[in-house]
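Presented below, as structure tokens, is a lone chain in the form predicted alone.
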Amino acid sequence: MQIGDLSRHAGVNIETIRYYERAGVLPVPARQGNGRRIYGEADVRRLGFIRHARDLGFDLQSVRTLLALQEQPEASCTDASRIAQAQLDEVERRLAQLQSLRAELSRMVAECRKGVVAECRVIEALNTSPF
């Protein structure tokens, strides 16, 4: 299959496929005589793995490591678990940050009397920098 077919099968943009090839997480494919890339079902599966990992927020280095671990089915999954735990910790940190942002925005909106800007609680709160 060609790159457009791979893109449709995996739900990944063509430029993203090329980027993954340059980044080394997707192997550089063979080429036809006319220079077009040729992909197979293994590429569809690998790209699906990459896409799912990226959707979960894993960075490319973690994806590389997870892909390498996938090639060693008898190896311990300790490293995979460690990588997943680190990502979960990061997600928890971001959720806490978002909850804090939500609370602050809710407070700003609730305190706004929708009068004039000179008395606007939203503007006032933004001018009171925590930094």
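When you see a residue number, it is the position in the sequence shown, counting from 1. The structure displayed is predicted, hence computed values, not measured ones.
Keep in mind the form predicted in complex with the DNA is missing from the figure; the text below concerns it.
- Taking the partner from elsewhere, L105 is found to have every heavy atom lying beyond 4.5 Å of the DNA in the model of the complex.
- Although the partner is absent from this view, R31 contacts the DNA in the model of the complex, with a non-hydrogen atom inside 4.5 angstroms.
- Using a 4.5 angstroms threshold between heavy atoms, D59 counts as touching the DNA in the model of the complex.
- Interface membership of I14, defined by any non-hydrogen atom within 4.5 Å of the DNA in the model of the complex, is confirmed.
- Partner contacts here mean any heavy atom within 4.5 Å of the DNA in the model of the complex, and among 96 to 104, 67 to 75, 31 to 39, 80 to 88 they occur only in 31 to 39.
- For the stretch 1 to 28, the set of residues having any non-hydrogen atom within 4.5 angstroms of the DNA in the model of the complex comprises Q2, I3, G4, D5, N13, I14, E15, T16, R18, Y19, Y20, R22, in sequence order.
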